[in-house]
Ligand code: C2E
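The chain that follows stands alone, in the form predicted on its own, written as structure tokens.
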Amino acid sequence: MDAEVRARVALVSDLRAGLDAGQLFLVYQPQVDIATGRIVGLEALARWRHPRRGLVGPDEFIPVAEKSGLIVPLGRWVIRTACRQAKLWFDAGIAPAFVAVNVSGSQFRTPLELETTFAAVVAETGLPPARLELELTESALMDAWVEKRDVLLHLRESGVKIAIDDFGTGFSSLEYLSRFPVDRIKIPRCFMQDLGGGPGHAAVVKATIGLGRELGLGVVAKGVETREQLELLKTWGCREVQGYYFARPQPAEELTELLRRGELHPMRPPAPVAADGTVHPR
């Protein structure tokens, strides 16, 4: 236990220093229209290149950031960095409809700071607010709606899109969903992994797609890695997907040429993916 505590404290210290030293960077994973292959959006994902440990996966450093409170400055950096890059693509005429960033529930505990950060970033970058999508988990969205409703409404009124990330993994309420200022719901990767293994996950995915359609919400399926998954989603009426079957998360400089083409078609086969999200070449 002592060793675990020491390691966690060291990681917090390293992460704080890494934020100041510019060790973190963003990669972007395309979201694709199934019918046309058109890139409809990008999700910005944080990565950390540690000077001694190499690439530290988000599954390791994001929970540490949440517990230590570093998720607030980290989230502020993600929004600013993603918006700056999106504005460069926008000015070049190759930007997708939006860039999505994940927002922690912790960031809504200081709602004035979140609104101020967003207003400052929009003013600084000149990015139209409609080009940004904020992704929140169900529990974070519910907490924000109950306690910080004005913040969500102000952001939505400014033009920002709101998405529910990993829909179905939290304590969702259909009554809340019908009243939330939400544009899209995202089906989590864990549901996609076992589509062929039994009726459970398949039923949830089909129901989510149907629910989104009835409520007039966009639906994007995450973690699409096989042709079989894609064909099932097409059969059930899902229109947008995200996953290694189409593209791995890429640095902005690698993605720029892809955005110029504007379309993305499946990779066969997808590259193997490590637990930290890195891709191993074959």
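Computed from a predicted model, the values in this text were never measured in an experiment. The first residue of the shown sequence is 1; numbering continues from there.
What comes next is about the form predicted together with the named molecule, which is not displayed.
Checking Thr125, Asn102, Thr81, Thr117 against the named molecule in the predicted bound form, a heavy atom within 4.5 Å turns up for just one residue: Asn102. Not displayed here, the named molecule is approached by Arg189 to within 4.5 Å at the level of heavy atoms in the predicted bound form. Looking at Pro249, you'd find a heavy atom of it within 4.5 angstroms of the named molecule in the predicted bound form. Using a 4.5 Å cutoff between non-hydrogen atoms, Gly223 counts as a contact of the named molecule in the predicted bound form. Shown alone here, Leu232 lies farther than 4.5 Å from the named molecule in the predicted bound form, counting heavy atoms only. Only one segment in the set 239-247, 253-261, 212-220, 33-41 has residues whose heavy atoms sit within 4.5 Å of the named molecule in the predicted bound form; it is 239-247. Within 4.5 angstroms of the named molecule in the predicted bound form, the stretch 54-81 places a non-hydrogen atom from each of Pro58, Asp59, Ile62, Ile71, Val78, taken in sequence order.
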